[in-house]
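Only one chain is given next, in structure tokens, and it is the form predicted alone.
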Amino acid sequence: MSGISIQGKKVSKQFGDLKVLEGVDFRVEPGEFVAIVGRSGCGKSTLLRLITYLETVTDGEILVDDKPVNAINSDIRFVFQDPRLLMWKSALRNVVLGSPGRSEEDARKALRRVGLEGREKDWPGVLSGGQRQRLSLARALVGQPRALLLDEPLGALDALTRIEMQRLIERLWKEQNFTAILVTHDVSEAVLLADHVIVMDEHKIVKTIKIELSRPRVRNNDFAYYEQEILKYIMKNETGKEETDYVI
């Protein structure tokens, strides 16, 4: 299964008088891994919700494989910051419910892919935070999506578990060739995983940066260069000028 292209043309979104996105243009090629970074409230998560049709645009349009988005697309799956599991259902049943057309064997395969083999009968309440996010990821993957949208799914995890999950997400992306869009506040995470990083500020895209590093990524001077480059567009002084001497 190949990834899909996702494009935004002059996308704007308002909730009443509140402006959330303004004239956003972007394109994600099939199979790309793109990260979106920016300050809280700049519209990152709203953009993901527009792509999945959980919200609708006020102006402009979202295109998936060059066709306007006007309904929820089963080829696109969403992983939230909160795993949003059914606590009264087993791990296996949570995965099956994520894609009703799939069999229990499909669900077992998805659990194996995320390292939860043997935990099929466990209740979500007995799983660790990292395991619950793995379960959420399995639920999204069981339908063999062509695009996976991730809205800060690792934000609440401890440092070591977060590293494990980053490696898992990258491995699954390589194996299944889906298009991935990750919203994150972690600039290092964006550089580690993404082909391109979209930087947002004040409800707009202010910069798209191509990460020209080989995989697996190594946290060396080249890695630090991209961290600095991204932070330059996020961390601005009160005059709106770029802070070129920000130290990580």
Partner chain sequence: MKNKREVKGYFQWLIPILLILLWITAKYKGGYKLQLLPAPLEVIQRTLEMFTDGTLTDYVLVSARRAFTGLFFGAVLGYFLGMLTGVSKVANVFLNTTIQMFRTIPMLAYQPILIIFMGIGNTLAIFMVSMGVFFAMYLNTYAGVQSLDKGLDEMASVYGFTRKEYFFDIVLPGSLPSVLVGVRIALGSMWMMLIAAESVTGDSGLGYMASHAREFLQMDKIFLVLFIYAFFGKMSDVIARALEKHFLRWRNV
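Residue numbers count along the first chain shown, from 1. As the structure is a prediction and not an experimental result, all values here were calculated from the model.
Omitted here: the form predicted in complex with its partner chain. The next part is about that form.
Check whether T52 has any heavy atom within 4.5 Å of a heavy atom of its partner chain in the predicted complex, and answer yes or no. Yes, T52 sits close enough to its partner chain in the predicted complex that at least one of its heavy atoms falls within 4.5 Å.
Answer for L97 alone: is it within 4.5 Å of its partner chain in the predicted complex, judged on heavy atom distances? Because a heavy atom of L97 falls inside 4.5 Å of its partner chain in the predicted complex, the answer is yes.
Contact with its partner chain in the predicted complex for R77, defined as at least one heavy atom pair within 4.5 Å: yes or no? The answer is yes: R77 has a heavy atom within 4.5 Å of its partner chain.
Is R102 part of the interface with its partner chain in the predicted complex - any heavy atom within 4.5 Å? Yes, R102 is a contact residue.
In the predicted complex, which of the listed residues (R108, R162, R119, R93) lies with a heavy atom within 4.5 Å of its partner chain? Answer to the contact question: R93.
Pick from R112, R167, R84, K174: which residue has any heavy atom within 4.5 angstroms of its partner chain in the predicted complex? Answer to the contact question: R84.
May I ask whether K9, F26 and K44 all come within 4.5 angstroms of its partner chain in the predicted complex, judged by heavy atoms? No, the candidate spot makes no contact with its partner chain.
Residues of 123 to 143 having any heavy atom within 4.5 Å of its partner chain in the predicted complex, listed in sequence order: If the 4.5 Å heavy-atom criterion is applied to its partner chain in the predicted complex, 123 to 143 yields W123, G125, V126, S136, R139, A140.
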